[in-house]
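Just the one chain here, laid out as C-alpha cells, in the form predicted on its own.
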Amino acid sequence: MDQPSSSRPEEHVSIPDLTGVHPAWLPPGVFRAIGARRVLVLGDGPLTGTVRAEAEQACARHGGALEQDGTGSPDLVLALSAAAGQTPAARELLAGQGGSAVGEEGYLLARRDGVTVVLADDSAGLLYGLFHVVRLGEEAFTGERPAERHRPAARRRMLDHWDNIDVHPVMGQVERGYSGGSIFWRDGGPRGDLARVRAYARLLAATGVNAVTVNNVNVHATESRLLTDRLGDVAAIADEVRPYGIRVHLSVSFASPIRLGGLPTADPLDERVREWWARTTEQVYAAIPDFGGYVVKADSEGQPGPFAYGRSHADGANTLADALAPFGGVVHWRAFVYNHRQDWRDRSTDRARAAYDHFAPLDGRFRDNAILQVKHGPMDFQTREPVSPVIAAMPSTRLAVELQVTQEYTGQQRHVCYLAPMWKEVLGFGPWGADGRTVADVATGASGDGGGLVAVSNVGDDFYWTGHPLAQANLYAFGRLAWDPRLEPAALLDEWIDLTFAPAAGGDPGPLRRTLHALMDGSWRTYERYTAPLGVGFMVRPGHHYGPDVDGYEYTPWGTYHFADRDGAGVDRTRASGTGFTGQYPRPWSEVYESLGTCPDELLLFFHHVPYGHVLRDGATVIQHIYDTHFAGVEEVAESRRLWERADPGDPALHARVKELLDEQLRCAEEWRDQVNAYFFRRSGVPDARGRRIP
C-alpha cells in the first residue's frame, strides 16, 4: 500500500498541542531519552518532516540538539536508506545488511560504537522507528544492539469509528460509544478545531495503526453526504491525520446511488449504478488523493444491500471494488449479516450460522481489492465465544478480522477489562489444528497482503480519550497486535504503563506497575466470571447492553438464546441433534465441539444444552460453577478496588476517576452476581453447596 503523501511542506509540520487533554501514552516525558541527545534526521519524504519535527520538539524540551547534517557526532541517527551514505553509522548499518531493502513501512534498528541508528526505506518506516526508540527510552542508548528488522505483519491496521454527524435520537452521537462525543463531528458538522484529531493520529501512529474510518457503519442521511457535497469535511480530517501516515476511509451506504445520485435503483449489476460509483469515486480521489476506500454494512440490521435485487454480496462488493481499483483503494465489506427478525420459538434458526451460510459459498468470487471484514466470533463481540468459522472457510478471499476495542459487551469502559488476552487467544487459534495456520496468519496473509486487523474504536472527546483511563490500554494493545500479533499481552501492558505513567509518577515505577498488572492482567476473565458463564452471551439489558438481564434477549427476534429451563441450560449447536453449527468448522474442531466429552468447558453452553448437574473437568457441576464464579468475580473486583485505593499514579484526578469507576464496577458486579445466581437457583432448584446467600 502506498503511503500518504504530505500536502504541506516539511518545515511546516506541527506537533499537536495536548493542552486540555490527557496525553495518554505520549506525555512529553517519554521523549526525554531522545530529546536529551544529539539527533540527526536524514532524507526527504512525506513523513520525514514529521520525524524531524518530533525530534526537534523533543530536543528543545529536554536540552538536546537537532543536527543539520552528517558532519557532527550524533547519538541518534534516523535516516532513509537513500540518504544513508551521509553518515558513517547509517552507511555501515546498511552495508552490514548487504544493502538490502527493509521493506514497506519497515525499519532497521541498531546501536554500535555509541550511536543508535534507525534506517528505513520509506518515511513511514522512519516514523515507526522513531516511536520504537520512544518505547525503549534509555534502553535504546545503552550498550550494543545488534541490527533488528521490524516490519508490520499486515499492510492495513485500521480503526472504525461508529460516529454520527448528527446526534441520532436512538444511537446518540457515537453508537456504542462510552467516551463522550465524537472527536471528528459536532453540532451536525465538523469540529471547528481539529487539533485533537492530529493528536489522535499521533497516538495511533505510535502503536502502528495506519487507517481510520471516520463515520458510522450504520450510515444515516447526513453521513451519506460525506461522499459527495460534504466531502470537504472528510478532506479536512485527512489533512490532519496524513502527517502521521494515516489514511482516511469512509463508511458508505449501499443505497447511495438512490440517496445521492437520484437513480431509481442501487442494483450493483446495473450499468448506471456502476457508472455512478466510478464517477463518484473519481471525485473522492480528486479531493483526497490518498483516500483509503469504503466500508460497507449491507443487508444487516436494516441497512440496504444487494439482496433487494437478487444479487449476492460478492456482486455488491465487486461493484465498489471496481470503482476503487484505479486509485489503489479497497472496500471493506462486513460479513455481519443475519436475520434479526426471526421467530424465537424456532430453534432451528441459529444466528451463529448466518455469516458462514451467506458468505462461504462466495469464496473466490470477490475482487482482490475487496476485503471481507469478519467479526472474530460468530455472534457479536461477546465476552466469550468461539472463533468465527468464516475465517477458515474462505481461503480464496482476503479476510480482515474485526475486533471491538470499545467495550460494548465487556463493561462499556466503566469496568476494567483488558482485552488483549482475549485477542491473543483469538489470533493464536488454529482453525485447522495446533500445527496449522492461525487466525493471525489468515488476517495477515502470506506476505502481509491479507485483509489485516480492524477494530471498533473506543475514543471520544472525553479528557482521558476512552472514558475509563485504563481503557486506553485496549486501544494501545490493538495497534501493537495489529502490527505484530505475536506480541504478548503482559508485555504490551508493560509498554503502556511505562509510557503513560512512569514520567508522571517519577521514582520507582515498580509498585504502580505491579498494581496495574494485578488489576488488569486477569480482568477479562474476572469480567467473564461475574457475567455470562460457560460461553453464554447476551444476558444483558436490551438496547443499551449494560448490566444484567438474563432473559433480556431470550424471547426477542435478535436470535440470541440460552434456553435455560428446569432441567438445564445451553444451546444445542451439534450436527447430531441441534442446529448443525459445529459442522461449519474444519476438523479437528468440528469433532471437538460436537462431542460433549471434548468441548472446552468455557464454551460448553455455547455448543451444548446440558443438565445443571453436568460435571465439568474441574469436578464442579454446571450450577455450582455458575454460583462459584459469580461470587469469585465480585471478590476480585473488590480486591482491585482495594489495591487501587493505595496506588499512586502521580495524578490525583486520574486516581479519583479510576476509583469512581471501580466503585461502579463493584456495584454492577454485585448486581450481576445476584441476578444470575438467583435466576439459575430458581430455575434449577439446586442450592449453593457452600451455603452462601442467593436472593
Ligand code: GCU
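Throughout, we count residues from 1 along the sequence that is shown. Being a predicted model, the structure only gives us computed values, none of them experimental.
In what follows, reference is made to the form predicted together with the named molecule, a form of this protein that is not presented.
For the candidate set 224, 556, 218, 515, a heavy atom within 4.5 Å of the named molecule in the predicted bound form is found for exactly one residue, namely 218.
Screening 176, 112, 259, 424 for any heavy atom within 4.5 Å of the named molecule in the predicted bound form leaves a single hit, 176.
At the 4.5 Å threshold, heavy atoms of residue 545 reach the named molecule in the predicted bound form. Contact check for residue 336: a non-hydrogen atom falls within 4.5 Å of the named molecule in the predicted bound form. By the criterion of a heavy atom within 4.5 Å, residue 528 is excluded from the residues contacting the named molecule in the predicted bound form. Proximity of residue 461 to the named molecule in the predicted bound form: non-hydrogen atoms within 4.5 Å are absent; the residue sits far from the partner. Only one listed stretch (131-139, 187-195, 493-501, 168-176) carries heavy atoms within 4.5 Å of the named molecule in the predicted bound form, and that stretch is 168-176. Looking at the named molecule in the predicted bound form, residues 301, 380 and 409 each place a heavy atom within 4.5 Å of it. Shown here without the named molecule, the chain has only 297 in 283-300 lying with a heavy atom within 4.5 Å of that partner in the predicted bound form.
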